[in-house]
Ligand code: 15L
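What follows is one chain in structure tokens, specifically the form predicted alone.
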């Protein structure tokens, strides 16, 4: 059984992936935040990927890496720089030093978010990031290309749409990625022989997809789900949004300076409570 490192394992995507891959691999989980409870076949190591020493520690002795760790929305440049630029470099370089050849890098639809919604794009389009976050994902793709060509590493880049049990708005009818399809595509990235450098889209088989995902299909991906099953429910509750966001595939990332992290209000409240308790 292969040992697979998942960085950013306590995040939403990491949590879905852990559940879907349970029993298939020995999972080494890593994040800055502690995990509540590791299951059988899982081992957790607390680490900050912006520190090379931590990156070297968690990548040692694994067969493949799924690098989910990082800042997951648009935000301040310094935060994105440390988590998504420095952190990505550290993981790729640590993998090289430790002899880990296969990296699955979940990049993002936001690396190409400034393509219009009336366009269908494939893996060969020129990057058009919609945010500093999107720029950091373009950096990761470029870095993966370098490590594949220069060091012979095996890089599988997944431009993830939106991972959720079901799509929650009109935009996500085009970019939805079910947890079981996520697990299938990640497993393909881990197992497929002969990978050098590939870019695919991390989406289910959505009728309304903006992506020509033929490169993923060529490699053996056969999505099981389609967001269309929820279309009627989603569309009846849809309201007009920001006109720029409605025009481009990247949505609100194209129109704002920062996108609120869903966990931020809870974190702020907890921090305030700790301060109050300390007075």
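The model shown is predicted, which means the values in this text are computed figures rather than measured ones. Positions refer to the first chain, counted from 1.
Not pictured, yet referred to below: the form predicted in complex with this ligand.
Contact check for residue 175: a non-hydrogen atom falls within 4.5 Å of this ligand in the predicted bound form. Residue contact check for residue 105: none of its heavy atoms lie within 4.5 Å of this ligand in the predicted bound form. When this ligand is considered in the predicted bound form, residue 136 lies well away from it, no heavy atom lying within 4.5 Å. Using a 4.5 angstroms limit between non-hydrogen atoms, residue 184 is distant from this ligand in the predicted bound form. Using a 4.5 angstroms heavy atom cutoff to this ligand in the predicted bound form, all of 72, 109 and 253 count as contacting.
Heavy atoms within 4.5 Å of this ligand in the predicted bound form map, among the stretches 118 to 126, 149 to 157, 166 to 174, 78 to 86, onto 166 to 174 alone. Along 145 to 163, a non-hydrogen atom within 4.5 Å of this ligand in the predicted bound form is carried by 161, 162, in order along the sequence.
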